[in-house]
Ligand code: ATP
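Have a look below at one chain only, the form predicted alone, in structure tokens format.
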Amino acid sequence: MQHILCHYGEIALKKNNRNWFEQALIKNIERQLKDYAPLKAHKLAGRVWIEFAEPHRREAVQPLLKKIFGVVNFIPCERVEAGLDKLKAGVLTALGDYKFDSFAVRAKKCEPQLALGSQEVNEAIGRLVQEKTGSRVDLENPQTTIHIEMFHDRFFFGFEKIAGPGGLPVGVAGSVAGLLSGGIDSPVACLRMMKRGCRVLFVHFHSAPFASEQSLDKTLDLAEYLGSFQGGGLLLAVPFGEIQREIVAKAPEGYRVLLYRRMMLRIAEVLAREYGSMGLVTGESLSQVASQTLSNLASIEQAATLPIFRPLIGMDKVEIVKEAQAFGTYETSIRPHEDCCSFMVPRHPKTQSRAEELERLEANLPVDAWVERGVKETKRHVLQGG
């Protein structure tokens, strides 16, 4: 098939800004698919019509469409001239030797001035398909559904409606910096922000030289995959092991993780501002671990001045895992890796803290020098995102 109709949802509610959101979605579609088939994307009423110059490679194009935020669903389809007779001829040709036990016809009139009604089309095509295939009509649970969308000058029809990720087109909400670990939570947090229209700059803190390269390699794999939802991007890898070691040597054990997190936010904020990001994103979930109690989250975030977004804050681990599986990040996230040396992890971390306590401890630490070192030693990885 040489055509795909993409449907969007929330974009239709944007009133005076709707055209801008539609154009952003079209731009993202063209960018995501340009290397796989020559195409043009057109704006139609409430949808985007993708017209391929030649039959496209279904196995290459459709997985990419499933990664384009803003697309609620899409229908691979054929186009015929407007009119019931043209539609009948097209459906008959497309059916070929296609076999199914039951079917439904779902016709939609996309422009109000059309004289031909949806129910009239449903009945006419239904009779035609029954005569051709001998299959029965089942409007509740059909094995196959024939989707028909009618415009004044052209009709489209297809046999499959495929779910997309929904949300808003990446880029319409600006840029944020996502603190990306090699775990389950932070990739989901980044993807949730992409779904709300943000482009994400990935920032990863690794424990080099005290941990192996496995953590960074795994995070690079995750970042490449996440980048495929936004057409590429950057991973900024910050070597954090020496800073951790110095915190271990100079601060009480129970406060280590809280001080680590505050330092991470400070360094990430400098990098975020350098690359034009307007907020920081973390994968924190309330009370999931000791550093994520309400008081600790409040104490940690005092170290940053940019807004901190926590898309997972009200979710439990089971819910986060389900989203990771649905997004396709879970299998990479659970790959074993050495994240941090045991001597850097406190046996009895503080579960309650105040920002003033941490500020007093930091008064004896070379915080500014650590931030400068972390930023200076950051390595930049360009993501392909294809």
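None of the values given here were measured: they were computed from a predicted structure. Residue positions are given as counts along the sequence shown, with the first one as 1.
Quick note: we don't show the form predicted together with adenosine-5'-triphosphate, though the next part is all about it.
Asks: Report yes if all three of 180, 203 and 283 come within 4.5 Å of adenosine-5'-triphosphate in the predicted bound form by some heavy atom, otherwise no.
Replies: Yes: 180, 203 and 283 each sit within 4.5 Å of adenosine-5'-triphosphate in the predicted bound form.
Asks: Of the listed stretches (96-104, 226-234, 128-136, 172-180), which one has a non-hydrogen atom within 4.5 Å of adenosine-5'-triphosphate in the predicted bound form?
Replies: Among the listed stretches, the partner-contacting one is 172-180.
Asks: Pick from 184, 80, 124, 304: which has a non-hydrogen atom within 4.5 Å of adenosine-5'-triphosphate in the predicted bound form?
Replies: Going through each option in turn, the one that passes is 184.
Asks: Of 313, 289, 270, 92, which one comes within 4.5 Å of adenosine-5'-triphosphate in the predicted bound form, counting heavy atoms only?
Replies: Among 313, 289, 270, 92, a heavy atom within 4.5 Å of adenosine-5'-triphosphate in the predicted bound form occurs only for 289.
Asks: Residue 317: heavy atom within 4.5 Å of adenosine-5'-triphosphate in the predicted bound form?
Replies: Residue-level check for residue 317: yes, a contact with adenosine-5'-triphosphate.
Asks: Although the partner isn't part of this model, could you tell me whether residue 264 comes within 4.5 Å of adenosine-5'-triphosphate in the predicted bound form, counting any heavy atom of the residue?
Replies: Residue 264 belongs to the contact set for adenosine-5'-triphosphate.
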